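In the block that follows, a single chain appears as structure tokens, in the form predicted on its own.
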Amino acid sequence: MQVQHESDAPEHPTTFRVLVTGANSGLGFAICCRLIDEFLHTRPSTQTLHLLYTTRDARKVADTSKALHAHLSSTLHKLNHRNTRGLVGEDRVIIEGILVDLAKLDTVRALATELVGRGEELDAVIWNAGIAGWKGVDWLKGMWGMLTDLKYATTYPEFMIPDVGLVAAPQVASLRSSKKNVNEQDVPEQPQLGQVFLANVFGHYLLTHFLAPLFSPTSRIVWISSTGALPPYFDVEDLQGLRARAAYESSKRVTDLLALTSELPSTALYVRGLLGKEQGGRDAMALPKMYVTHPGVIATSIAGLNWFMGFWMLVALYAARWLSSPWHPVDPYKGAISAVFCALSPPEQLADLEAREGKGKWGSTTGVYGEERVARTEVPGWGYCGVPGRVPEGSVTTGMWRGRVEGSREGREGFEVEGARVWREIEELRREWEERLGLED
């Protein structure tokens, strides 16, 4: 499934504004590149792309800006070489870098304050930034898996060594901490926040709330998940993954639960709270929609491998694709197709599709030779579209997790119940931390 072309009929100039987090390298950078390419190829010539991307420091902002402008120049050169209807200028794409660290909520609030102060509507946001929370690799287990079951071992890896119980740094400094003669007991104690949960989910969740004034009913909130977002890694009693044996996968399961249940009556109260519409009507169509995607298995620096082991991991990923795995785009640019599809596709290709067939998790998939496309991915408990037994056309039905069970009404109901609980608890957490952040004003 590809982004459809819109009409190139004359119209008033407009700006399509999209925000991408974690864009200095890997998938985030690839998403930005693909957004530029798809936009220039599919959107009317009267429309401008304003691409806002985030990194954690000023040096990365500058480096990323230089790289994205170089990519834009290359794309324009290729496009204008083939274009017989007039040259496409660089002014069709505005590239702007901004700072945020999703693990530091004061920077999340600062970014939102800046953007809301501008008053410019956001057409799409892509919540990509995150951390893995791994501390190493079990090489013996990994090599055995590669030799005996390559496709499965690289799709659902069980050889990463987790750093269990990672806690984020304190988020709110005491108003009196800089004063003299302050007793230690006078400094308010802050509850722990799981570091991986904060960077991957909660920082984005708070940013969504703070940016709500910039969303319209047609805006899209695109979450990045993973093929490894599986039930064994998540315990609803441990929302933040502080006890999880795989906090990264736990956070991605939370992402699936949030996005896929975001349009159900059982979560409507919490979704309206997140988007600042508590007093609004019951019509969920008046709210921006959430989508969940995953890039398949791609080669990025998130695993923290040295160059030698990184090379052999890359070889293993390509070998898995050549052995007909559907989930190995390998190249981050190919893996970016699903997120860009959800951000740019016309309403009749996405919102209407989900309205007809049910809400799904959109994955980046490839053929043996690397021809990428977007396809629905089965989510344990939810299925392909929230309807047990229904498999919409174009869904991927190979390369399945071996712990899967056939979809059932009970499983679907359990997923919704778990999703509603996650929404309730994360909304309560949001209100608590919003109040704490307000102490700094």
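Counting begins at 1, following the sequence as shown. Note that this is a predicted model, so its numbers are computed, not measured.
This next part talks about the form predicted together with a small molecule, which is not shown.
For the candidate set 320, 258, 199, 160, a heavy atom within 4.5 Å of the small molecule in the predicted complex is found for exactly one residue, namely 199.
For the candidate set 373, 412, 50, 56, a heavy atom within 4.5 Å of the small molecule in the predicted complex is found for exactly one residue, namely 56. With the small molecule omitted here, the record of contacts in the predicted complex names 122 to 130 of 122 to 130, 135 to 143, 67 to 75, 360 to 368, defined by a heavy atom within 4.5 Å. Using a 4.5 Å cutoff between non-hydrogen atoms, residue 301 counts as a contact of the small molecule in the predicted complex. Although the partner is absent here, residue 296 is a contact residue: one of its heavy atoms lies within 4.5 angstroms of the small molecule in the predicted complex.
Taking non-hydrogen atoms only, residue 93 never approaches the small molecule to within 4.5 angstroms in the predicted complex. Mapping the unseen interface onto this chain, residue 225 counts among the residues with a heavy atom inside 4.5 Å of the small molecule in the predicted complex.
Relative to the small molecule in the predicted complex, residues 27, 103 and 248 are all within 4.5 Å by at least one heavy atom.
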